[in-house]
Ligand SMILES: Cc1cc2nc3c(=O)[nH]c(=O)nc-3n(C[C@H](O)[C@H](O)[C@H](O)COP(=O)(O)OP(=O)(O)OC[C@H]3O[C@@H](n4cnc5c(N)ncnc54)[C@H](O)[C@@H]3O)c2cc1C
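Below you'll find only one chain, the form predicted alone, shown as structure tokens.
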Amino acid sequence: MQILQNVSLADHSTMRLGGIAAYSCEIASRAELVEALGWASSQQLPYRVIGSGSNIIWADEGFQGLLIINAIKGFELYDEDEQNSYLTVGAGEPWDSVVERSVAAGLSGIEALSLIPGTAGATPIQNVGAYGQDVSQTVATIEAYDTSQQAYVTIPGFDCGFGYRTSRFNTSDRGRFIITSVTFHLVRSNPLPPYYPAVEHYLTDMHKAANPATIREAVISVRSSKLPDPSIIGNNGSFFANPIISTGDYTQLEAGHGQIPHWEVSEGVKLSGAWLIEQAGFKDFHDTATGMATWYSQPLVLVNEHAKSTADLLAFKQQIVNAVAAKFGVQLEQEPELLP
């Protein structure tokens, strides 16, 4: 394990902004994680553990501590019977590679989460979801280092506190656990309808029956047409979560603004954040002052065209938040975590 000094944090966020980290290292095993944590403790330094940086934003001030890059690999498949399989993957595995390999094995459960950037270990933290699936539906167990106990623990999926884009790992126990592997319960069967409308349309247009491979194919086609590739243009994917409001608040909102795209969910009513942003005047919006923009086909995505700092990004974000709040009285919440 090599400790590097004065590392650009912009290289560790797909938004490509941020200051300098005093130190950084890459860990490839559970033992190296413990070694890295011990080194930070011996130097009396704070630490941050990240994956690929697809859902984080670094402050311009940088980080005066140790950046630990989780690159723990692993892909182990265990067939319980002809129908049920358990897939254990290292936290540092690229997520889309995990989905691709699971689909190639004929397994269903995460195929609609194709082409989502990031690493496998990051997916439970935010309960990553798209196109009708989220990881909480398939997470069986999580192996993590518990910094409070200074020991590795196994956490069952039902004990992860999953909610819409949340878990105990980014709420009540933020910073306590460092995920090293995730085990998913997948099945050998075709996904059942109803399918996400865009996926349904793709299957119909292409005259294809639904199975894990065709659902993955459809999602890749839809995502590629709507979302920018973070390897080409700086972005964090959806920057805002779709807001959830109470049924009563939605009734009042509809009375003042007419029909609004929405979905009934257990927590209340989920609104289309993209629609709210577009109606507030930020569809395909390019801000010369900050160098930021909204993506032309998906205003939930903020892209870095030529921003010079995280301050530029946050100023642009606030413009959108203020405009949506002023027009609809709805508060947008950002999805990427601002660090440190």
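Computed from a predicted structure; not experimentally measured. Residue numbers run from 1 along the displayed sequence.
What comes next is about the form predicted together with the named molecule, which does not appear here.
Residue contact check for A130: one or more of its heavy atoms lie within 4.5 Å of the named molecule in the model of the complex. The named molecule is not shown here, and in the model of the complex it never comes within 4.5 Å of any heavy atom of T141. By the criterion of a heavy atom within 4.5 Å, S52 is counted among the residues contacting the named molecule in the model of the complex. Proximity of P212 to the named molecule in the model of the complex: non-hydrogen atoms within 4.5 Å are absent; the residue sits far from the partner. A single residue from the set F162, Y250, Y195, F177 has any heavy atom within 4.5 angstroms of the named molecule in the model of the complex; that residue is F177.
Contact annotation: of the candidates L186, I125, I245, L203, the single residue with a non-hydrogen atom within 4.5 angstroms of the named molecule in the model of the complex is I125. Contact with the named molecule in the model of the complex holds for all three of T119, P228 and N236, each having a heavy atom within 4.5 Å. Remark: of stretches 53-61, 311-319, 267-275, 281-289, the one touching the named molecule in the model of the complex is 53-61 (heavy atom within 4.5 Å).
In the model of the complex, N70, A91 are the residues of 64-98 with at least one heavy atom within 4.5 Å of the named molecule, listed from first to last.
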